[in-house]
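This document starts with one chain, in the form predicted on its own, laid out as structure tokens.
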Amino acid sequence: MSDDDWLVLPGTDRTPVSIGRVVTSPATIGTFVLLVVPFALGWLKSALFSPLALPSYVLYGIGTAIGDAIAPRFDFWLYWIPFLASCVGISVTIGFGYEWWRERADDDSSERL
């Protein structure tokens, strides 16, 4: 079983995109930067909070609420670990969707020729 087997579409033997391509996709990297950087700037200094940090703030708030229900005595800085993991998950999902869409667009354009 190769690394790309989990990406094979059901009922086909075709892999739409590779894992390496998804992880290094501009959509993946851009989404991760957009989720983490505005929130990190606002976390370091509250004067740097911007409206771009709102989606990250919601993610961090959900993670904090879940973490507080599980173990209420953790420091807030520990919630950065699930926050960063959720940001990676969201970024990879968006990157996969983008690369899959690009692959389909390339296939459609080559069929027209």
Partner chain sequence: MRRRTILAAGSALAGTVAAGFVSQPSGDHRLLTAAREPGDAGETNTNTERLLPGTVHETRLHEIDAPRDGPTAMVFGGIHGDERNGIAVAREITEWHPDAGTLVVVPETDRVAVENDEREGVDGNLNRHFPADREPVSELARGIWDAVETRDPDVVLDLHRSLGIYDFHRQYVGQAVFHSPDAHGDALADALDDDSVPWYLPFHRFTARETDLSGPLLFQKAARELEASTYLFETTEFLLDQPTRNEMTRLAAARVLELHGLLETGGDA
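If you're wondering where the values come from, they're calculated on a predicted model, not measured in any experiment. Residue numbers count along the first chain shown, from 1.
The next section is about a form of this same protein that is not shown, the form predicted in complex with the partner chain.
For the chain shown alone, residue 49 is a contact residue for the partner chain in the predicted complex, at least one non-hydrogen atom being within 4.5 angstroms. By the criterion of a heavy atom within 4.5 Å, residue 60 is counted among the residues contacting the partner chain in the predicted complex. Remark: residue 86 does not count among the residues lining the partner chain in the predicted complex, judged by a heavy atom distance of 4.5 Å or less.
Interface residue remark: residue 81 is not counted as part of the site for the partner chain in the predicted complex, having no heavy atom within 4.5 Å.
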